[in-house]
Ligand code: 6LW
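There is one chain below, alone, in structure tokens, taken in the form predicted on its own.
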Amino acid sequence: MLLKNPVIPGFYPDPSVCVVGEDFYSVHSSFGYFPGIPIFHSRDLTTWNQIGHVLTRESQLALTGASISGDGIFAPTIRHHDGTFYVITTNVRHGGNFIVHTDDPAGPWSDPVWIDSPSESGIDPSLFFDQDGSVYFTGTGNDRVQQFRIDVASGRALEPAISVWGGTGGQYPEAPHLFRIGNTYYLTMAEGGTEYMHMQTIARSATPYGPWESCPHNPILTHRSRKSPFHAVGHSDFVRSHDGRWWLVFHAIRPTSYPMFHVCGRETCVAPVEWIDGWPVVNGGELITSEMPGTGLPSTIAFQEATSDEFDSGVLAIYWNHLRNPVVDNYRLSDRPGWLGLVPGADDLSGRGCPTFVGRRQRQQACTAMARFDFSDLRQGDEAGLTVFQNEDHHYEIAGVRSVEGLELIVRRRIGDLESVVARSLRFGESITLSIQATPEMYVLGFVDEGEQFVEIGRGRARYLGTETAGYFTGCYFGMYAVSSEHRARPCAWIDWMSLD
């Protein structure tokens, strides 16, 4: 079985991985989305199945006022020690660094143990459990790796933070991980910024604090200035499988066009590692490709993520997310069995509130999102529809609104400070299938008529929803939403099904 990169396509960035026996678990940044920190399982490092989220309760994850892409949860690390799983991460706006733990990675996870540490300990924290029982916190602050011993039960720092390494000179050193092979300690981190100059570097020492010897062939992984479908590779974590082989789990982007841009976010990839003269060589020193030799590990049974959700189970599927902390009562799955009801709130997609929104990641550049809406409960002042959403300043939507003439469909584009309704179409039927067709260059928004034909209402360039334009760290979502200028206590829109393929 070939190893096909990305092994986890779509916005699943900043991967961290641990292994327990023959089972691998990965976690990923979630920024301003709720639930937070998706967690995946694999046995072959090739097929990954999402098994849950680490942060599923508001007591674990406060996102009030967070930018959907520049705040929230940054760069988690997962580790396993003495039967317990630990995830350490940063809530950038609310509280800083914290640890949660569990004995079942599918959850539930504990409430946060907040880390009492100096402010310079920074972000992108990692944990290392050494053989003598010491546990090390390793993070980045003031453009250097900061480290100290920690009590993981209380979050108390056992010593002042020590600046241990500044990397090889690349900007924005981040995502450090400390690990040990025999009597040698290794410290690896990303440098260059998580864009096109991204790279992974490593150093070694006889002690956890250095002095550090930089790898003579640093960076050990980069695609900067190289011709490849993958760019911005880095933010890596090492893992050793039960058969003794080593692997690197990292993220990359798949840009298109020129100038290049990408809309699916940073995606998780895997490559083999060999150790030569005490230094890691990733993929034989060659570029990462979309198809590579398989790991040879026993295959994981793939739980195929459904392309269509008919909302029959009474709970939202594991791949759905909300913008910030949801108002739970605004999502109705039992009032009308087999339908998702959206109760509109006053917050819209362009603010930093908690709008009525439920979305799933765009995982390929070319795909089609469709949702069957019943707008019969729309009143003047209500709006509900389908959106392709990058962040609060960059999104397109096709929506139903009620006018004196009947049901009107609108297409709106929000690009930075510019927001405008760019197309309108009068529809007098109350039920309609809305659709957004994505190509590498364009999002085409419209509906499906009674003859099952797609009717375009408007379009927007994909480039303006790419991270290179929109900024920060997330990929695009397709989602359903509802908003109203009037207070509503019941759904204004019902969704029979939503598909993404």
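Since this is a predicted model, take the numbers as computed values, not measurements. Just count from 1 along the sequence shown to find any residue number.
This protein has a second form, the form predicted in complex with the named molecule, left out of what is shown; the following refers to that one.
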Going by a heavy atom distance of 4.5 Å, is Phe473 a contact of the named molecule in the model of the complex?
yes
Indicate whether the named molecule has at least one heavy atom within 4.5 Å of a heavy atom of Thr194 in the model of the complex.
yes
Should Val263 be classed as touching the named molecule in the model of the complex when contacts are defined as heavy atoms within 4.5 Å?
no
Partner proximity in the model of the complex: Ile162 to the named molecule, non-hydrogen atom cutoff 4.5 Å
no
Though the named molecule is not shown, can you say which of Phe74, Trp279, Tyr331, Phe129 has a heavy atom within 4.5 Å of it in the model of the complex?
Phe74
Between Arg361, His235, His394, Arg254, only one gets a heavy atom within 4.5 angstroms of the named molecule in the model of the complex; which residue is that?
His235
The chain here is shown without the named molecule. Which stretch in 290 to 298, 78 to 86, 394 to 402, 167 to 175 comes within 4.5 angstroms of it in the model of the complex, by heavy atom distance?
167 to 175
If we check the named molecule in the model of the complex, which of the residues in 20 to 40 reach within 4.5 angstroms of it by a non-hydrogen atom?
Ser29, Phe31
